[in-house]
Structures are given as C-alpha cells and as structure tokens.
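Take a look at this single chain, the form predicted on its own, given in structure tokens.
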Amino acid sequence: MAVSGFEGFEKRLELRFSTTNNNPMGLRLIDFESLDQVLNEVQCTVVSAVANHSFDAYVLSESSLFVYPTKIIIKTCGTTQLLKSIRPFIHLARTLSLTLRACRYSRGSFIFPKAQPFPYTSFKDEVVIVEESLPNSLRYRKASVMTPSNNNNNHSRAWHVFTASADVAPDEPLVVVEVCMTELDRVNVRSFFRRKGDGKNSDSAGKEMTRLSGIDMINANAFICDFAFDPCGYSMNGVDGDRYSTIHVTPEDGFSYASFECGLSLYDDGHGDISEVLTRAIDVFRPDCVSVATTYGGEDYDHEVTKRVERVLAKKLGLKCRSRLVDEFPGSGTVVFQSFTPRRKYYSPEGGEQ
C-alpha cells in the first residue's frame, strides 16, 4: 500500500427535516449561492448537476450532494471538512420553516487516517463535534463502531455510525445501501484513466467512462450525471424517479477505491433486487475487499434479504462473507454491516488461503 495518496473513503452526512408549511419544494428552494458557501466551508465545489421532479443531484469535486424537499445527503472524500456543513444547513432550513428531526453521520476506516485533519483522526472527536452542532430536541442518540472480528488481518474495515433523532420510531421509507471497495482489479480500473490528448472535456470523458466500465448497466432506468477527473478518477450521480445512486472511483494502484451507494425499497419490484444491483455494481470493479452497510429505516430489517445478498455475491462473484454485524439505532433503524473477500485471495489469521 502507498505511504500516502488520495483518500477515497467518504464521510457521509444525512439530515432529515420536518416542515409546518405546504411548500412542496422545501429545501430545494435554497439558492445555489448559499449551497456554494456551505460547500466552500467543507472545501469542495460543484462540478456538475442534474435535477428532476423529486430532488437535485450535484456531483462535487469531492463526491456528491443530494437535496430533497425535506432531506439533505452529502458525502465527501479526501481531507474535506464535512461536519462544518451541519450548522449552516440547519440555519438555511430554518429560514424555510423546516426543523431538523434526524441526523446520521457514517464513514468507513480511512486508508490514510493520519492525513485527516481534526476531528477526523478520532471518531470520538467527530461525535463530539456533531453533537455540539445539533439541537437538544434530537434526544435519541447513539454512536457505534462496528468492527469485524477478522479486522486484525487488514482485509476488513470498521464502520462508524452516529445517529440522532427527535423520535424513537424511524420513518425513512428508503433502505440505504453503502458499498466500499478497495484493491480494485487493475484491468477494470483502466477505464477511469484519461487518455492524454483525447480532446474530451470532463463531461464527455465521464460519459465514455460510464459506458466502457459498464456502470450504465447497473440501473438502466437511471439518468446518469457523470464527470471524469484529470488525469484519473470518476464520479457519477444516478437519478431514477425519487431514487438516487452514486459512484466514486479513485483508481490509482496502491490505494485504489470505489464506492457505490443507492436508496431503494426492498419490496418495489420495479427497481430491482438488492442483491442483483449489488452484483452489477461490484462486478464493475472486481475488488479484493468489499464492505456493505445497509440501513433499514422505515422498513423492518429482513434477515432473509441479508442472507440472499451473501448467497448471490458468493455464487456470481465468488465473494465470501467474512463478517456480519447488526446494530439498532433509535429513530434511525437497523444497520447491517457485511465484509466480503474473494475465496481465492483471503488469508486466515492462522495462515493459508481459504
């Protein structure tokens, strides 16, 4: 692994609001200049954007931002200062008569933890900053570090989650799936390097990467807003009705990383089986290490869905589930964290391939 490089693992923040007025646009009325000021505090900018009747999706210089009428999702990679967005977003929402009712902050384990600025060198410090930024009305709070039992062999990474809610019962209708992948296949990631002198801008080069990599087939119904970085790297947001998806790729050897995230309903046949969606997304990168964090909000945790994901990934991609952890968060639902590695590449703590 490289001594230092670009940090692909994102920090993710989700803020959910309630409103007393009947304006259907809600948070989408926040003007771009105000959003840009918040992003400047976070240390990132908008590079591309798309919108439909349900939400606005922004590709950022470091990951993505989604703005719904009563929900904001922002995830940023590198050494960005994500938590500096909490107070200004709450303030902007208040000017629109929206009140914060729930917050969730999550991230994986950084590849280069020592390169992170304060407070991101310690999850405890991050939690302190988040709690200081939230109103007292969000009284149901919990912080958890979900650490696989096989974490000491460096093939698994912990999942960090903090939630706060004004209500003890979760009401988020979508299931959120977050996939983190490292040690990407060297052949597959060639699609995410720009060719010198190709004459393409970042938008057209991004569309080429989407097509060559097969990302366009993960959800054929989605409209994709993609962006290629120079000399390498890729981001996209997918828009499909009220469902979002996003992918970010850091392809450099030694610290290669890709993430896939989507919001979906487990019982909506029109948007595909979760295990099949994950299979298509992971197959684009063929990683040696995969973690899947699934957050069940308004829908009850379904153990059979979890087992099906494990069976399908094993059958179609040869990935074996090495760890499965489940934790409950008041007002935010159940989080399931699974770690996978290919059978042929996994080494047990006792030694030898399995």
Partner chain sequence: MGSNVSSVHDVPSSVENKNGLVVEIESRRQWRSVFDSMKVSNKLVHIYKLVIDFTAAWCGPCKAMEPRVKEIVSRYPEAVFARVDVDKLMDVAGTYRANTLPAFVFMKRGEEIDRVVGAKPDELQN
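None of these values were measured; they are calculated from a predicted model. Positions refer to the first chain, counted from 1.
Keep in mind the form predicted together with its partner chain is missing from the figure; the text below concerns it.
Not one of 314, 325 and 340 comes within 4.5 Å of its partner chain in the model of the complex, counting any heavy atom.
Using a 4.5 Å cutoff between non-hydrogen atoms, residue 97 does not count as a contact of its partner chain in the model of the complex. When its partner chain is considered in the model of the complex, residue 171 lies well away from it, no heavy atom lying within 4.5 Å.
In the model of the complex, residue 58 approaches its partner chain with a heavy atom inside 4.5 Å. For residue 202, a non-hydrogen atom is located within 4.5 Å of its partner chain in the model of the complex, even though that partner is not displayed. Scanning 38, 47, 305, 321 against its partner chain in the model of the complex with a 4.5 Å heavy atom cut-off leaves one residue, 47.
The contact residue chosen from 243, 280, 160, 207 relative to its partner chain in the model of the complex is 207, the criterion being a non-hydrogen atom within 4.5 angstroms. None of 289-297, 25-33, 325-333, 305-313 except one has non-hydrogen atoms within 4.5 angstroms of its partner chain in the model of the complex; the exception is 25-33.
If you take 205-225 and check each residue for a heavy atom within 4.5 Å of its partner chain in the model of the complex, you get 207, 223, 225, in sequence order.
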